[in-house]
Ligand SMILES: Cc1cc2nc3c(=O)[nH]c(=O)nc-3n(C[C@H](O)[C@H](O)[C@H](O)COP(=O)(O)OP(=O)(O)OC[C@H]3O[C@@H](n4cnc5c(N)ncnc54)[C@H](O)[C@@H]3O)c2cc1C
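Just the one chain here, the form predicted on its own, laid out as structure tokens.
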Amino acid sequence: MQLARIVIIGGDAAGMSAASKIRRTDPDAQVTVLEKGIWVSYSACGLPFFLQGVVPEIGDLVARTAQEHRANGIDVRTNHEAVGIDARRRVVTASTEEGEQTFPYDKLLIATGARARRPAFADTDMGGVDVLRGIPDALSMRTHIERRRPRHCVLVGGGYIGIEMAEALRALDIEVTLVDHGSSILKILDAEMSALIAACLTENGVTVRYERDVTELVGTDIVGGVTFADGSTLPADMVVVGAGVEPNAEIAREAGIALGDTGAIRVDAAQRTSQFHVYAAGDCAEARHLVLGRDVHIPLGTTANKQGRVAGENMVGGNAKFGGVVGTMVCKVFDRAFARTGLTQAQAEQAGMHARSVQVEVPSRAGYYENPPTIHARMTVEQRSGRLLGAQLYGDDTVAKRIDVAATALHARMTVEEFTQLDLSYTPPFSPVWDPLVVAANVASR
């Protein structure tokens, strides 16, 4: 009997989660992972903390090296960039240091991830201009900081990467100006909540500028500043672009594999693509949004790991299903944090839903216990049914796990009335008797 030949394109979260699951489920399967770089199984989410110095060494972000995977029976090929898929012949072509090589497969997983968007002005070899997506980007930034000792950095884009980078750079005593083309930062939050984060940035020495479109860079070999659409300039000796990401789905499209409306690879709940023997998982693939009821592209490491695990099990005969997403995330911003799940008011309206939102401010612990910080809790609710559509939190680090309660409620399709009856824990050092989310649910249910 011929052993199953499994080829996986991409050696990070989704790819290696799948490979490990395959190895545990079918120890006899032949698993080959093609990774275009030299790093596998690392935490991209930890890169800002490496730059800040909280994580001392870049290797600390690696969960398992290529050598360790090989010792577990997974044939990891680094510096192997997949450049083509022949779905009819079931062959992947890879570019390697020795030239092109082909890899036949019985089942294929595309786990090519996503790449940072580079606006036209950032398509340059000028020193001091970076995006932050992978380890090479972080090492390039670290080198620039150590060699050039920049005094002022312009962060282009007010997403959560920009927020985390602002803190990292301020910790290094670098002046930071964050510019965004919109009227608010953090479009994943409603404006009422994003204004709180902007205020926190300002309090910690970050200059925030709205409705500023960067059109070009100033400088020759090393960046010296940015030019805006109105012709004004802002001096800077470092520029970091955080303009979002886009899925690496070209190799699938060129192989005749269907993409979804988002531009990511369309998959079913088993992570199978339009080609029955080809699967996709992670930041290159879509996922079903449980509140919207349609496929979305929300690139998060938690989703990538779970989708990879589902794909791995199914590639060796399993029947696993990926349960979908609600877009839950949390981000540290200096000594505070914000978190969100589900839909914002703006997103609900854009989806054609009749929704309303409430917002409350309550202590994170019992009011008499050590002068507790406050939490801002916001809930978005469907008008007629009272169904919870989403939640947003801003406050101390307890928001990180409080948001998970709201995410669980979204998975269960709970109403806010049902949410008010949740039996949540209470003790004065950790929570008020009425949890901030329950307070918000009480207000929303009126």
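Position 1 is the first residue in the sequence shown; the rest follow in order. Remember, it's a predicted structure, so these values are computed and weren't measured experimentally.
Omitted here: the form predicted in complex with the ligand. The next part is about that form.
Checking Leu34, Val381, Val31, Leu410 against the ligand in the predicted complex, a heavy atom within 4.5 Å turns up for just one residue: Leu34.
Note on the partner interface in the predicted complex: the residue among Val358, Leu234, Ile257, Leu132 having a heavy atom within 4.5 angstroms of the ligand is Leu132.
Residue contact check for Ala114: one or more of its heavy atoms lie within 4.5 Å of the ligand in the predicted complex. In the predicted complex, none of the heavy atoms of Leu437 sits within 4.5 Å of a heavy atom of the ligand.
Contact between Ile188 and the ligand in the predicted complex is not found at the 4.5 Å heavy atom cutoff.
Though the partner is left out of this view, Ala82 does reach within 4.5 Å of the ligand in the predicted complex, counting heavy atoms only.
Residues within 4.5 angstroms of the ligand in the predicted complex, judged by any non-hydrogen atom, belong to 34-42 and to none of the other stretches in 395-403, 59-67, 381-389, 34-42.
Applying a 4.5 Å heavy atom cutoff to the ligand in the predicted complex picks out Gly11, Asp12, Ala13, Ala14, Gly15 from 11-26, in order along the sequence.
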